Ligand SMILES: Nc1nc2c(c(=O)[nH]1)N[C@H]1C(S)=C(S)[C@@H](COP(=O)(O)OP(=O)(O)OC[C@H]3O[C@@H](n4cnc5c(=O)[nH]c(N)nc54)[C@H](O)[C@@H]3O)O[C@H]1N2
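Take a look at this one chain, the form predicted alone, written out in structure tokens.
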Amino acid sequence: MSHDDDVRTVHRICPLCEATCNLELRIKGRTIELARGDRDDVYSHGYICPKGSAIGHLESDPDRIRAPRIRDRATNTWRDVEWDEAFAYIDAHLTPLLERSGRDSVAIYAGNPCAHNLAPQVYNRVLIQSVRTKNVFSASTVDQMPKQVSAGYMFGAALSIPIPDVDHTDYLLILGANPFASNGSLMTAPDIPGRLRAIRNRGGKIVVVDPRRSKTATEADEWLAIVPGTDTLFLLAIANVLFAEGLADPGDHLRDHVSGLDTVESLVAPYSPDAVARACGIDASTIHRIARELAAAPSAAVYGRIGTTTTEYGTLASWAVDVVNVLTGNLDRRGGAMFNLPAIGGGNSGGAGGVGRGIKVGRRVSRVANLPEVFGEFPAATLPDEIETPGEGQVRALITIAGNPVLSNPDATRLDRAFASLDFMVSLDIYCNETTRHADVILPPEGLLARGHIDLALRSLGIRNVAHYSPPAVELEAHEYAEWRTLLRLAAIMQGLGSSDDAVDTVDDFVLRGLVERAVGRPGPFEGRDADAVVAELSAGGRRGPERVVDLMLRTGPYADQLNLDALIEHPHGIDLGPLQPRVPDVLRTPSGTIELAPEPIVADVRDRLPELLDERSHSDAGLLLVGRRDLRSNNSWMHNLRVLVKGKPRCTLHIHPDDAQRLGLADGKLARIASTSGSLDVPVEVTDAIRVGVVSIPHGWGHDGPGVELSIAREHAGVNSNVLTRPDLLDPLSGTSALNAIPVEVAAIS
């Protein structure tokens, strides 16, 4: 590390999307002068997207918060303060509130960036346990939670998510995903455009099922313009064909490890291609053909993403994806959908494989809407209920960690109002944005170069087994405070240990000690060792914080014989651990020890609720349905304050098919009013044939013109907040995930 002004080169994992590319940064002092792809990286091989190349702009953004801020509620003005004052202020307000109103009066919301930063990945759980509140929320229930629930039921663990082996597959069926823009999601894969093009170059085929002709659909062999929200019907019709034509065969490698085949066959019986064709907007002959192509391909994988998860049937669609992968014999084999084995281990790699406890959800319900808990959190859609409804357990304070729920959650207008009514709010963030403007205290993290980074959750979703770590490249400046210390200092306050920095090391040591005692008490590399000796070994050289925890994970993980943190530091371009390998049955943690194709909650939902969707889409004119979209230069609401990423043609527009535009009297470039039962927006029209008739699209993550938002460039390109239109009552009941797609809307020209 250095403080001088010499120009030098460092390598760092890009934390701005799920691709986890490695960057080569030319820095002078603390300034990033150039960012480009690391050509020597074992995973990304020099690939970089516009977000990665703009990382220096993000670091130097003048609107970034650099010091703690406290808001004067009387004047609604901010002042910068020292760290000790900020934590003392939090202690003085939150501690009495807890004593007065109870632990559940404080809620926690964790945003999407938590999955891209080391400190919250390691210590968010510590803070949550310290608050001891039931009211935990996150961006998961406006994103991927249905896939975690279906994977948990089928394979026994929430992160046992099958990943398309895109580097070896011959046939890829993509539903509701746009990897050319997302860089892969729940599919960690640098240079996904190059990898997808390679499928076609080697004679394979890509089929995209999406209401929009996205960039991915344009590059594919075939685009099927499905009716939004009907992916489950389409997939079950494929399964129906596989059974009806004797093509359903898990393969020799799975046949003894699958249960529920007969139940699935009976479940899909009503959903023939003829039965679902009108509902999903894809003709029966095409569904027959796709089913036969999947079964006949030398290898194939089905992949669904946010367009399938953020609907009222998200868990069923996620389940149906892997049902088809199993029925075609493509689960857990080269070129199919496979399970990663991350270096830090996980819920499906430790202990005895092949059997487990499975998952449990619904251990409690939310106070107001009676919605079940899923993996320790309640649906984000019910957060305003908990804030606005009086009674015991009412939320009166909120801690947000790198999230912007006012833009990302449903019924945004109400949520914005609810946040304004809180008694106290703390936000960990780099900006005063649409959410954090309501905070009483904003605590900024240190700069990118001053923190260590390793992807934990995302490495469980990689298309290849690799390991990377980026150590800090510069020392903390006098005004900076490590984010991991911020989280643990808040945890200390919640534990009644006071606001002093001295308490941080106490909590950190306690956390590590607990993890070590577990490691020495169970089978593995540390079994039977002296806990004190292990703690001392991990703390050598003064190391502490999340790096100690990561080092322990590596030393007790699947590659413990070759990996520890020092080894990763010595390999700045990463360590290649090899392609995905078959893992069944060892990967399974279900009570039966099998792939459970017919979990009872899913079976019940197919029988009780899915007929309603088939009937509704088959026998009524649904009118216009709203879907979202994303752009390569955005990641949700991130990075709209960087001119290099928002310049050019406006992106927050209403996509509408020419036939619908003509029928409604809409003109390209003119304003239209779009309305749902939750609200209305005025948005510029963009007429395009790259969208299905009857469907309109607005990208999410925009709407930067609210009062008090300190994002000068984003304000110039404000756009509109599409979640003004989404409804809090439209939820997938199995996962609590909000329906952000297939929203019924009305559109009219503004004269």
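Quantities reported herein were computed from a predicted structural model and do not represent experimental measurements. Numbers for residues come from their place in the sequence shown, where the first is 1.
Omitted here: the form predicted together with this ligand. The next part is about that form.
Asks: Within 4.5 angstroms, counting heavy atoms, which one of the listed stretches 506-514, 627-635, 604-612, 262-270 is next to this ligand in the predicted complex?
Replies: After filtering at 4.5 Å, what remains is 627-635.
Asks: If we define contact as a non-hydrogen atom of the residue within 4.5 angstroms of the partner, is residue 318 a contact of this ligand in the predicted complex?
Replies: Residue 318 lies outside the contact set for this ligand.
Asks: May I ask you to check whether residue 113 falls inside a 4.5 Å heavy atom distance of this ligand in the predicted complex?
Replies: Flag for residue 113 set to yes.
Asks: Answer for residue 212 alone: is it within 4.5 Å of this ligand in the predicted complex, judged on heavy atom distances?
Replies: Taking the distances in the predicted complex, the answer for residue 212 is yes, it comes within 4.5 Å of this ligand.
Asks: Classify residue 734 as contacting or not contacting this ligand in the predicted complex by the rule of any non-hydrogen atom within 4.5 angstroms, answering yes or no.
Replies: Contact check for residue 734: no, nothing within 4.5 Å of this ligand in the predicted complex.
Asks: Identify, from the list 322, 483, 386, 551, the residue with a heavy atom within 4.5 Å of this ligand in the predicted complex.
Replies: Residue within 4.5 Å of the partner: 483.
Asks: Please identify the residue among 430, 672, 563, 106 with any heavy atom within 4.5 Å of this ligand in the predicted complex.
Replies: Checked against the cut-off, the match is 430.
Asks: Using a 4.5 Å cut-off on any heavy atom, which residues of 389-415 would contact this ligand in the predicted complex?
Replies: Stretch hits, in order: 402, 403, 404, 405, 408.
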